[in-house]
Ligand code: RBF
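The data below hold one chain only, encoded as structure tokens and taken in the form predicted alone.
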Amino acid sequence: MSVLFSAAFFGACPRQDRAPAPAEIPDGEARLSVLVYITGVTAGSPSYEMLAAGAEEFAAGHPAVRVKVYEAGFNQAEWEEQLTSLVASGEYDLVLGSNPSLPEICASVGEKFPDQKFVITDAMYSGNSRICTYLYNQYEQSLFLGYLAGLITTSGMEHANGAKRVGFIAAQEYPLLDNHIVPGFLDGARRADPGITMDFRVVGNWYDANKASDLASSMIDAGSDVFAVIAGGASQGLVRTAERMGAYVVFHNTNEYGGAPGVIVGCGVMEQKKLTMEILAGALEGKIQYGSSRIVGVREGYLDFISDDPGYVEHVSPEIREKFDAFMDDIRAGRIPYTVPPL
């Protein structure tokens, strides 16, 4: 996550505790108790929604698996204390989360509870025998979304203004955003035209749609006509302003075309639910390689672009789609050279 949050709720609470009756558990099948630790809230955050949904769907099909989804809220200063309290109960075989900041917190908690295991997606951390991580190749996703943005801003589409300027609005800055997501987007745009520039702005939180709207208005006035956004609930401020003033938006990680047809013209997809279910299957079978970290992207089947939605097919010109679809074919085949920067 890339790292996505939503606004709507500021507290911290368990959302659901799915515990099958002992009689439902087949003889000889291992038990697995999982804490899905949401650093933020679930509703409105696609990556967290997919994480929770994947865990709950897996538990529904495996009576030996018990899942609790816990929403920790937005105050990062409280996350370690909350997680320590939850792990201290001894109730969970596995803590599953998705946030680049979580591995360090889990490492600290694990020092106090050496038998606790953690698996974190959207993060990179290796060498700790209690922790396994999976990092989505967000440089790659940003690269192809940036390329699409570059094709559009230099095109004759209705809202392309000739300034060759793209925009990026983020909720907050953090290493994955600063080192992978934003540079990848600009790299992709400049592969369409080396003269493209980017206007980058920060909301300061994950929920202030009015602030995002104000930023977007200023950026459109300054020439930005295609935007990327990593801002949780605040993203809707950008979308509303793009509708009102005339601009385009591409989204990471999830299908948002229906939210503003003709404005949202490109969407990546992150297979968080698929990966979550694969992780829990591995945990149930004792096959998780703790201490390891793996990068997953388009070629591994965990990232892609949604090209069959009317929001793309009907609102992006055929000429652009032909060029972009060829670029995506090259991405899938590994023919586009790029270097993932260090975090």
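Nothing here was measured: the structure is a model prediction, and the numbers come from that model. For every residue, the number given is its place in the sequence shown, counted from 1.
This next part talks about the form predicted together with the named molecule, which is not shown.
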{"item": "Close approach of residue 98 to the named molecule in the model of the complex, 4.5 Å, heavy atom", "value": "yes"}
{"item": "Contact test in the model of the complex: residue 174 vs the named molecule, heavy atoms, 4.5 Å", "value": "yes"}
{"item": "4.5 Å heavy atom contact, residue 37 and the named molecule in the model of the complex", "value": "no"}
{"item": "is_contact(residue 181, the named molecule) in the model of the complex, heavy atom dist at most 4.5 Å", "value": "yes"}
{"item": "Triple contact flag 47, 138 and 206 to the named molecule in the model of the complex, non-hydrogen atom at 4.5 angstroms", "value": "yes"}
{"item": "The named molecule in the model of the complex: contacting segment from 39-47, 61-69, 274-282, 309-317, heavy atom within 4.5 Å", "value": "39-47"}
{"item": "Contact residue in the model of the complex, chosen from 230, 212, 149, 120 - any heavy atom within 4.5 Å of the named molecule", "value": "230"}
{"item": "Residue (of 92, 257, 125, 74) lying close to the named molecule in the model of the complex, criterion heavy atoms within 4.5 Å", "value": "74"}
{"item": "In the model of the complex: members of 246-260 within 4.5 Å of the named molecule, any heavy atom", "value": "253"}
